[in-house]
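Given as structure tokens, the chain that follows is alone and in the form predicted on its own.
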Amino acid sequence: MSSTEENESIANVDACFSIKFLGTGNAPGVPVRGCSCDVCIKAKVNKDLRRESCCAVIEFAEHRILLDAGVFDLKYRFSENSLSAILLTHFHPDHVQGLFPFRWGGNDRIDTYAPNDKEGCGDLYKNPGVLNFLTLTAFAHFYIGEVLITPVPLAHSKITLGFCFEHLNVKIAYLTDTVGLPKKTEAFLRYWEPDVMVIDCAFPPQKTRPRNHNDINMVLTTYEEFKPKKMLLTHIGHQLDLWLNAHEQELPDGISVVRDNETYIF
């Protein structure tokens, strides 16, 4: 694993497929306003321990794809014509909030792929600015450059899609937000055999099935079922960070908890 800035070129870019996590937190983020737990107290003074809302960027060859838009400073991170496309998992505010200021200004039109959710979020459909919204259908694959992308349905309170990327013999499944996986998605992943699974894990182990987001127990079950070479946990809540302080070393070697601004190159 290595780290890069958004506007820097990755060495040997034609041979690389990378994902950088701009934000890895759930909706409240870390620290949570008004919380006095050990994690939140430390995150208030140490920026490296903070988590912004979920957002990532995939880079390959000359292409750069934004996955969700949870962070607010997108206009500073991505200059005009620097994005090949935007992929939205769903229209909850914490996953699209960065688009509200980003859509204004510039002359570039950015293809913005999203699930078939007629409500959208706020006035994004009415006033899209540079965003050229394109509706996706589950399991109907498409290409951006040389990357094959297959949207897969997830289990959430709003219409939500995950994205399966295939490039240079590397298969990456990006699966947030979800609680468990729908049967059709499980069947696809079992056939597709992802090398890397990036998956929602908001909570420490719960006594009962959580709502909308996975806990550690569900993630471990998914890991054992699919046996990816690498599983990366994102959409982390402060209670999970607190649990990880005492238990992260107990996770299987193939599972890593990602941090904001970390980059993985495959």
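Model, not experiment: these values are computed from the prediction. All residue numbers refer to positions in the sequence shown, first residue = 1.
The following text describes the form predicted together with another copy of the chain, which does not appear among the structures shown.
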Next on the checklist: Considering non-hydrogen atoms and a 4.5 Å limit, does another copy of the chain approach R33 in the predicted complex?
Outcome noted: yes
Checklist entry - Though only this chain appears here, would T135 touch another copy of the chain in the predicted complex if you measure heavy atom gaps against 4.5 Å? => result no
Next on the checklist: Is I110 near another copy of the chain? Define near as a heavy atom within 4.5 Å, in the predicted complex.
Outcome noted: yes
Item to check | Partner proximity in the predicted complex: G29 to another copy of the chain, non-hydrogen atom cutoff 4.5 Å | outcome: yes
Item to check | N81, R103 and D123 each touching another copy of the chain in the predicted complex (heavy atom, 4.5 Å) | outcome: yes
Checklist entry - Which residue among W192, F142, F72, F139 has a heavy atom within 4.5 angstroms of another copy of the chain in the predicted complex? => result F72
Checklist outcome for this item: Of I159, V130, L148, L168, the only residue with a heavy atom within 4.5 Å of another copy of the chain in the predicted complex is V130
Item to check | Segment that reaches another copy of the chain in the predicted complex - one of 174-182, 192-200, 85-93, 148-156, heavy atoms within 4.5 Å | outcome: 85-93
